[in-house]
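Okay, so here's just one chain, in C-alpha coordinates, the form predicted on its own.
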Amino acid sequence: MTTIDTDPDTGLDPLEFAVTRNLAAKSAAERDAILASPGFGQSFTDHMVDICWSVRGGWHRPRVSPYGPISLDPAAAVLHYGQEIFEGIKAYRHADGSVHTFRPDQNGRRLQRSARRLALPELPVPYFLQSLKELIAVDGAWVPSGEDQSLYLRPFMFAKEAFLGVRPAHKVAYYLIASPAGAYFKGGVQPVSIWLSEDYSRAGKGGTGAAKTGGNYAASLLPQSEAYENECDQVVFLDQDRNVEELGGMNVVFVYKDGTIVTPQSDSILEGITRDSLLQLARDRGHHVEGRNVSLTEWREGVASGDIVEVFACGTAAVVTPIGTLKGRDFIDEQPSGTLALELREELTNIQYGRAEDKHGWLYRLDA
(Lines give C-alpha, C1' and ligand atoms only; values in the text may rest on other atoms or scores of the structure.)
Protein backbone atom coordinates (compact mmCIF):
# COMPACT_ATOMS: atom_id res chain seq x y z
CA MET A 1 0.00 0.00 0.00
CA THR A 2 1.17 3.54 -0.75
CA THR A 3 1.85 5.84 2.19
CA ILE A 4 -1.07 8.25 2.60
CA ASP A 5 -1.79 10.27 5.72
CA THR A 6 -5.14 11.08 7.30
CA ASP A 7 -6.84 13.76 5.24
CA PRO A 8 -6.67 17.03 7.20
CA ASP A 9 -9.87 18.45 5.69
CA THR A 10 -12.18 15.47 6.17
CA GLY A 11 -10.44 13.54 8.96
CA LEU A 12 -10.75 10.39 6.86
CA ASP A 13 -8.12 7.72 7.39
CA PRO A 14 -6.78 6.10 4.22
CA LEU A 15 -8.32 2.86 3.05
CA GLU A 16 -6.38 -0.37 3.50
CA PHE A 17 -6.11 -1.79 -0.01
CA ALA A 18 -5.55 -5.49 -0.55
CA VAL A 19 -3.16 -5.96 -3.48
CA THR A 20 -3.19 -9.05 -5.68
CA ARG A 21 -0.50 -9.02 -8.33
CA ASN A 22 -1.30 -10.09 -11.88
CA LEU A 23 0.68 -13.29 -12.52
CA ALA A 24 0.03 -12.87 -16.24
CA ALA A 25 1.27 -9.27 -16.36
CA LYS A 26 2.88 -8.08 -19.58
CA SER A 27 6.64 -8.43 -19.76
CA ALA A 28 8.73 -5.28 -19.99
CA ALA A 29 9.28 -5.99 -23.70
CA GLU A 30 5.55 -6.48 -24.34
CA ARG A 31 4.73 -3.29 -22.44
CA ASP A 32 7.36 -1.29 -24.31
CA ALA A 33 5.95 -2.49 -27.64
CA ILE A 34 2.52 -1.19 -26.64
CA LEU A 35 3.90 2.12 -25.37
CA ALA A 36 5.75 2.66 -28.64
CA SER A 37 2.39 3.26 -30.35
CA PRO A 38 -0.39 3.14 -27.76
CA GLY A 39 -3.27 4.72 -29.70
CA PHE A 40 -6.15 5.69 -27.41
CA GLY A 41 -8.24 3.33 -25.30
CA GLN A 42 -6.93 0.24 -27.08
CA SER A 43 -4.61 -1.37 -24.51
CA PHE A 44 -4.94 -1.52 -20.74
CA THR A 45 -2.56 -1.87 -17.84
CA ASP A 46 -2.12 -5.05 -15.80
CA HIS A 47 -4.23 -4.07 -12.80
CA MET A 48 -7.41 -2.29 -11.76
CA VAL A 49 -8.83 -0.85 -8.56
CA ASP A 50 -12.26 -1.56 -7.14
CA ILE A 51 -14.11 -0.47 -4.00
CA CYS A 52 -17.52 -1.75 -2.96
CA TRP A 53 -20.35 0.28 -1.45
CA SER A 54 -23.55 -0.84 0.21
CA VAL A 55 -26.25 0.84 2.23
CA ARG A 56 -25.24 -1.15 5.30
CA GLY A 57 -21.46 -1.22 4.94
CA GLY A 58 -20.63 2.06 3.24
CA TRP A 59 -17.34 2.05 1.30
CA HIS A 60 -15.49 -1.21 1.92
CA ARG A 61 -13.29 -3.96 0.47
CA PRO A 62 -10.82 -1.76 -1.45
CA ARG A 63 -8.66 -3.88 -3.77
CA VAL A 64 -6.03 -3.73 -6.45
CA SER A 65 -6.56 -6.78 -8.64
CA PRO A 66 -5.43 -8.16 -12.00
CA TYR A 67 -7.18 -6.41 -14.87
CA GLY A 68 -9.93 -8.62 -16.21
CA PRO A 69 -13.65 -9.16 -16.81
CA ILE A 70 -16.19 -8.01 -14.23
CA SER A 71 -18.78 -10.56 -13.17
CA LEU A 72 -22.33 -9.17 -13.04
CA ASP A 73 -25.70 -10.69 -12.31
CA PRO A 74 -27.99 -10.39 -15.36
CA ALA A 75 -30.38 -8.42 -13.15
CA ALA A 76 -27.72 -5.87 -12.12
CA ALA A 77 -29.43 -2.49 -12.00
CA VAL A 78 -26.92 -0.78 -14.30
CA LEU A 79 -27.90 -3.08 -17.16
CA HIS A 80 -31.56 -2.09 -16.91
CA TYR A 81 -31.66 1.47 -15.61
CA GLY A 82 -28.33 2.97 -16.63
CA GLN A 83 -27.28 4.07 -13.14
CA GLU A 84 -23.63 4.73 -14.05
CA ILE A 85 -21.07 7.55 -14.06
CA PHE A 86 -17.40 7.93 -14.98
CA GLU A 87 -14.47 10.32 -15.15
CA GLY A 88 -11.48 10.91 -17.41
CA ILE A 89 -8.08 12.04 -16.18
CA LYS A 90 -4.45 11.63 -17.26
CA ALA A 91 -1.14 10.79 -15.61
CA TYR A 92 1.99 12.44 -17.04
CA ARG A 93 5.63 11.34 -16.94
CA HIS A 94 7.91 14.29 -16.16
CA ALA A 95 11.49 14.60 -17.33
CA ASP A 96 12.82 13.45 -13.94
CA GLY A 97 10.77 10.24 -14.19
CA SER A 98 8.13 11.27 -11.64
CA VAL A 99 4.44 10.75 -12.35
CA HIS A 100 1.89 13.52 -11.86
CA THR A 101 -1.75 14.10 -12.64
CA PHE A 102 -3.63 17.35 -13.12
CA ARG A 103 -6.27 18.80 -10.77
CA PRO A 104 -7.55 15.38 -9.65
CA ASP A 105 -9.46 16.95 -6.76
CA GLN A 106 -11.70 18.59 -9.36
CA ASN A 107 -12.34 15.24 -11.04
CA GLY A 108 -13.17 13.78 -7.64
CA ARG A 109 -15.65 16.56 -6.93
CA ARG A 110 -17.21 16.26 -10.37
CA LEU A 111 -17.60 12.52 -9.82
CA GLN A 112 -19.45 13.38 -6.62
CA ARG A 113 -21.77 15.79 -8.46
CA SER A 114 -22.46 13.16 -11.09
CA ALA A 115 -23.16 10.60 -8.36
CA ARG A 116 -25.59 12.97 -6.67
CA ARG A 117 -27.54 13.44 -9.91
CA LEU A 118 -27.65 9.69 -10.64
CA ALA A 119 -28.61 8.80 -7.04
CA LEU A 120 -25.29 7.01 -6.46
CA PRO A 121 -23.13 7.25 -3.32
CA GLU A 122 -20.51 9.99 -3.30
CA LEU A 123 -16.98 8.63 -3.11
CA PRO A 124 -14.96 10.88 -0.74
CA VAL A 125 -12.34 12.83 -2.66
CA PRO A 126 -9.48 11.47 -0.47
CA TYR A 127 -10.54 7.93 -1.44
CA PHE A 128 -10.68 8.98 -5.10
CA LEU A 129 -7.14 10.37 -4.91
CA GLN A 130 -5.91 7.30 -3.07
CA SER A 131 -7.33 5.02 -5.76
CA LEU A 132 -5.21 6.83 -8.36
CA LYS A 133 -2.09 6.42 -6.24
CA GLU A 134 -2.78 2.76 -5.54
CA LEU A 135 -3.02 1.95 -9.24
CA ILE A 136 0.14 3.88 -10.11
CA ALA A 137 1.96 2.08 -7.27
CA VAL A 138 1.60 -1.19 -9.19
CA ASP A 139 1.29 0.02 -12.79
CA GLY A 140 3.53 3.10 -12.79
CA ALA A 141 5.75 1.58 -15.47
CA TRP A 142 2.79 1.94 -17.86
CA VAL A 143 3.01 5.76 -17.81
CA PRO A 144 4.67 6.51 -21.16
CA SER A 145 7.41 9.08 -21.64
CA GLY A 146 6.99 9.87 -25.34
CA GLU A 147 6.02 13.31 -26.61
CA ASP A 148 2.36 14.14 -25.85
CA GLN A 149 1.84 10.66 -24.40
CA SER A 150 0.10 9.97 -21.10
CA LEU A 151 -1.68 7.27 -19.12
CA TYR A 152 -5.41 7.79 -19.41
CA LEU A 153 -7.17 6.95 -16.14
CA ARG A 154 -10.82 5.94 -16.25
CA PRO A 155 -12.63 5.87 -12.88
CA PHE A 156 -16.25 4.68 -13.08
CA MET A 157 -19.09 3.72 -10.77
CA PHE A 158 -22.21 1.68 -11.39
CA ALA A 159 -25.18 0.06 -9.68
CA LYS A 160 -24.47 -3.66 -9.29
CA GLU A 161 -27.37 -4.73 -7.08
CA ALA A 162 -29.44 -7.48 -8.69
CA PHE A 163 -33.04 -6.29 -8.74
CA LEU A 164 -35.72 -5.16 -11.16
CA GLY A 165 -37.33 -2.02 -9.83
CA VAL A 166 -36.91 1.70 -10.32
CA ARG A 167 -35.10 2.91 -7.21
CA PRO A 168 -31.49 3.76 -6.31
CA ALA A 169 -29.39 0.63 -5.99
CA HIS A 170 -28.32 -0.53 -2.53
CA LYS A 171 -25.05 -1.99 -3.83
CA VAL A 172 -22.59 -0.08 -5.99
CA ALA A 173 -19.09 -0.67 -7.37
CA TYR A 174 -16.34 1.86 -8.04
CA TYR A 175 -13.56 0.83 -10.45
CA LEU A 176 -10.45 2.43 -11.87
CA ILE A 177 -8.73 1.20 -15.03
CA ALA A 178 -5.95 2.78 -17.10
CA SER A 179 -4.91 2.88 -20.74
CA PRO A 180 -1.72 4.35 -22.24
CA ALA A 181 -2.55 7.12 -24.71
CA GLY A 182 -0.53 8.47 -27.59
CA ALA A 183 -0.64 11.94 -29.08
CA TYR A 184 -4.25 12.76 -29.99
CA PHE A 185 -3.17 14.53 -33.17
CA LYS A 186 -0.46 12.77 -35.14
CA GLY A 187 1.46 15.34 -37.14
CA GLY A 188 0.21 18.29 -35.12
CA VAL A 189 -3.12 19.79 -34.07
CA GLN A 190 -5.55 20.12 -36.96
CA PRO A 191 -8.83 22.13 -37.13
CA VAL A 192 -11.95 19.98 -37.00
CA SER A 193 -15.21 20.23 -38.93
CA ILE A 194 -18.43 20.37 -36.90
CA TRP A 195 -21.91 19.17 -37.86
CA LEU A 196 -24.86 21.06 -36.39
CA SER A 197 -27.38 18.60 -34.92
CA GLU A 198 -30.90 20.03 -35.28
CA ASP A 199 -32.93 16.84 -34.82
CA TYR A 200 -31.32 15.49 -31.66
CA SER A 201 -30.40 16.73 -28.19
CA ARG A 202 -27.80 15.35 -25.79
CA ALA A 203 -29.58 16.70 -22.69
CA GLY A 204 -32.37 18.99 -21.55
CA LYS A 205 -33.19 21.43 -18.77
CA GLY A 206 -33.27 19.52 -15.49
CA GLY A 207 -31.75 16.46 -17.15
CA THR A 208 -28.37 14.81 -16.76
CA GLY A 209 -26.34 17.06 -19.06
CA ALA A 210 -24.06 18.30 -16.28
CA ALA A 211 -23.33 14.74 -15.11
CA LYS A 212 -20.65 12.59 -16.70
CA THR A 213 -22.89 9.60 -17.30
CA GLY A 214 -22.87 7.11 -20.14
CA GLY A 215 -26.42 7.89 -21.22
CA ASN A 216 -25.42 11.36 -22.39
CA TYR A 217 -22.77 9.86 -24.64
CA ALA A 218 -25.09 7.13 -25.88
CA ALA A 219 -27.53 9.87 -26.91
CA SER A 220 -24.78 11.52 -28.96
CA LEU A 221 -23.86 8.44 -31.01
CA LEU A 222 -26.62 8.68 -33.62
CA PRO A 223 -26.04 12.40 -34.33
CA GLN A 224 -22.29 11.70 -34.36
CA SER A 225 -22.94 9.12 -37.08
CA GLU A 226 -24.89 11.81 -38.90
CA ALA A 227 -21.83 14.04 -38.64
CA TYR A 228 -19.65 11.36 -40.24
CA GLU A 229 -22.19 10.95 -43.04
CA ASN A 230 -21.83 14.67 -43.71
CA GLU A 231 -18.03 14.43 -43.70
CA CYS A 232 -17.64 16.15 -40.33
CA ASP A 233 -15.42 15.15 -37.41
CA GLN A 234 -17.70 16.13 -34.54
CA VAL A 235 -21.26 17.18 -33.74
CA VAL A 236 -22.45 20.25 -31.83
CA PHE A 237 -25.74 20.33 -29.93
CA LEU A 238 -28.23 23.11 -29.23
CA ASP A 239 -30.62 23.52 -26.31
CA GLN A 240 -34.36 24.06 -26.67
CA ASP A 241 -33.79 27.80 -27.23
CA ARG A 242 -31.20 27.15 -29.96
CA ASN A 243 -28.32 28.15 -27.74
CA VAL A 244 -25.03 26.32 -28.25
CA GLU A 245 -24.36 23.58 -25.70
CA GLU A 246 -21.28 21.46 -26.38
CA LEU A 247 -19.84 18.91 -28.75
CA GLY A 248 -20.30 15.19 -28.27
CA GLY A 249 -17.41 15.13 -25.81
CA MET A 250 -15.88 18.62 -25.63
CA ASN A 251 -16.76 22.14 -24.50
CA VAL A 252 -16.90 25.07 -26.94
CA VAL A 253 -15.09 28.41 -26.53
CA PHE A 254 -15.49 31.63 -28.57
CA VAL A 255 -12.86 34.36 -28.84
CA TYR A 256 -14.10 37.87 -29.70
CA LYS A 257 -12.15 40.62 -31.44
CA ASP A 258 -11.96 42.73 -28.25
CA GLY A 259 -10.20 39.83 -26.51
CA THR A 260 -13.25 38.65 -24.58
CA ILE A 261 -13.58 34.89 -24.26
CA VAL A 262 -17.08 33.43 -24.00
CA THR A 263 -18.10 29.87 -23.26
CA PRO A 264 -21.64 28.45 -23.12
CA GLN A 265 -22.73 27.76 -19.57
CA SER A 266 -25.92 26.17 -18.26
CA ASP A 267 -27.10 23.34 -16.03
CA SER A 268 -27.21 21.03 -19.05
CA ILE A 269 -23.51 21.36 -19.92
CA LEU A 270 -20.71 19.33 -18.34
CA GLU A 271 -18.35 21.49 -16.30
CA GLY A 272 -15.08 20.91 -18.12
CA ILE A 273 -11.92 20.85 -16.00
CA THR A 274 -9.74 21.39 -19.07
CA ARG A 275 -11.97 24.30 -20.09
CA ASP A 276 -11.81 25.83 -16.61
CA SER A 277 -8.01 25.58 -16.63
CA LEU A 278 -7.68 27.16 -20.07
CA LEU A 279 -9.98 30.01 -19.05
CA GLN A 280 -7.85 30.64 -15.98
CA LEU A 281 -4.73 30.81 -18.13
CA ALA A 282 -6.57 33.26 -20.40
CA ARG A 283 -7.45 35.42 -17.38
CA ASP A 284 -3.79 35.34 -16.39
CA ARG A 285 -3.07 36.89 -19.78
CA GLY A 286 -5.57 39.68 -19.16
CA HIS A 287 -8.55 38.34 -21.10
CA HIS A 288 -12.08 38.98 -19.85
CA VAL A 289 -13.94 35.66 -19.57
CA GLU A 290 -17.72 35.18 -19.63
CA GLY A 291 -19.87 32.10 -19.11
CA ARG A 292 -23.31 32.70 -20.68
CA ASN A 293 -25.74 31.62 -23.36
CA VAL A 294 -24.46 31.85 -26.92
CA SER A 295 -27.15 31.43 -29.58
CA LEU A 296 -26.50 29.80 -32.92
CA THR A 297 -27.42 33.15 -34.50
CA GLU A 298 -24.79 34.98 -32.43
CA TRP A 299 -22.18 32.43 -33.46
CA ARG A 300 -22.92 32.61 -37.17
CA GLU A 301 -23.41 36.38 -37.31
CA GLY A 302 -20.34 36.96 -35.14
CA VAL A 303 -18.17 34.97 -37.52
CA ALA A 304 -19.68 36.70 -40.57
CA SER A 305 -19.11 40.19 -39.12
CA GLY A 306 -15.64 39.48 -37.79
CA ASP A 307 -16.73 39.98 -34.18
CA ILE A 308 -15.79 36.35 -33.42
CA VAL A 309 -12.17 35.78 -34.38
CA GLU A 310 -11.58 32.21 -33.18
CA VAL A 311 -13.61 29.18 -32.08
CA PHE A 312 -12.18 26.09 -30.41
CA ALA A 313 -13.20 22.99 -28.49
CA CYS A 314 -11.49 21.54 -25.44
CA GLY A 315 -11.53 18.40 -23.32
CA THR A 316 -9.32 15.90 -21.51
CA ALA A 317 -8.44 13.73 -24.52
CA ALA A 318 -7.62 16.35 -27.17
CA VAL A 319 -6.88 19.25 -24.77
CA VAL A 320 -7.62 21.94 -27.40
CA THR A 321 -8.96 21.58 -30.93
CA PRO A 322 -9.47 24.57 -33.26
CA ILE A 323 -12.84 24.49 -35.06
CA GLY A 324 -12.34 25.05 -38.79
CA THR A 325 -15.84 24.56 -40.22
CA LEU A 326 -19.43 24.63 -38.98
CA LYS A 327 -21.74 22.75 -41.31
CA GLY A 328 -25.54 22.57 -41.28
CA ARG A 329 -28.21 21.25 -43.63
CA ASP A 330 -28.14 24.32 -45.83
CA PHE A 331 -24.92 26.14 -44.98
CA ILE A 332 -21.19 25.80 -44.50
CA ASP A 333 -19.48 28.46 -42.36
CA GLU A 334 -15.72 28.57 -42.45
CA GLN A 335 -14.43 29.54 -39.01
CA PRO A 336 -11.76 32.20 -38.48
CA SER A 337 -8.30 30.95 -37.55
CA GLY A 338 -6.37 32.48 -34.68
CA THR A 339 -3.43 31.75 -32.44
CA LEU A 340 -4.86 31.91 -28.92
CA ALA A 341 -6.20 28.34 -28.82
CA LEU A 342 -2.86 26.78 -29.67
CA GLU A 343 -0.98 29.16 -27.39
CA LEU A 344 -3.21 28.17 -24.47
CA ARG A 345 -2.85 24.51 -25.39
CA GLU A 346 0.93 24.74 -25.32
CA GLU A 347 0.88 26.62 -22.01
CA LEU A 348 -1.43 24.08 -20.41
CA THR A 349 0.42 21.00 -21.65
CA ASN A 350 3.74 22.50 -20.56
CA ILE A 351 2.35 22.70 -17.03
CA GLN A 352 0.95 19.17 -17.17
CA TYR A 353 4.25 17.69 -18.33
CA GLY A 354 6.33 19.72 -15.87
CA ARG A 355 7.95 21.89 -18.53
CA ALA A 356 6.55 25.15 -17.09
CA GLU A 357 5.94 26.54 -13.62
CA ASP A 358 2.72 25.38 -11.97
CA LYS A 359 1.62 28.74 -10.55
CA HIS A 360 -1.84 27.53 -9.53
CA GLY A 361 -0.81 24.33 -7.73
CA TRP A 362 -2.68 22.13 -10.19
CA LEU A 363 -0.22 19.20 -10.32
CA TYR A 364 -0.58 16.25 -7.96
CA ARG A 365 2.17 13.67 -7.66
CA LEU A 366 1.00 10.07 -7.86
CA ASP A 367 4.20 8.08 -7.33
CA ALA A 368 5.02 9.46 -3.87
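Residue numbers run from 1 along the displayed sequence. Quantities reported herein were computed from a predicted structural model and do not represent experimental measurements.
What follows is about the form predicted together with a small molecule, which we do not show.
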query	finding
Heavy atom within 4.5 Å of the small molecule in the model of the complex - residue from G248, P155, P264, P180	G248
In the model of the complex, the residue from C314, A341, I323, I51 that sits within 4.5 Å of the small molecule by heavy atoms	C314
Any non-hydrogen atom of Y217 within 4.5 angstroms of the small molecule in the model of the complex	yes
Heavy atom of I273 within 4.5 Å of the small molecule in the model of the complex	yes
In the model of the complex, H100 touching the small molecule (heavy atom, 4.5 Å)	no
Interface membership of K160, the small molecule in the model of the complex, 4.5 Å heavy atom rule	no
Interface stretch in the model of the complex with the small molecule - options 294 to 302, 191 to 199, 133 to 141, 264 to 272, non-hydrogen atom within 4.5 Å	264 to 272
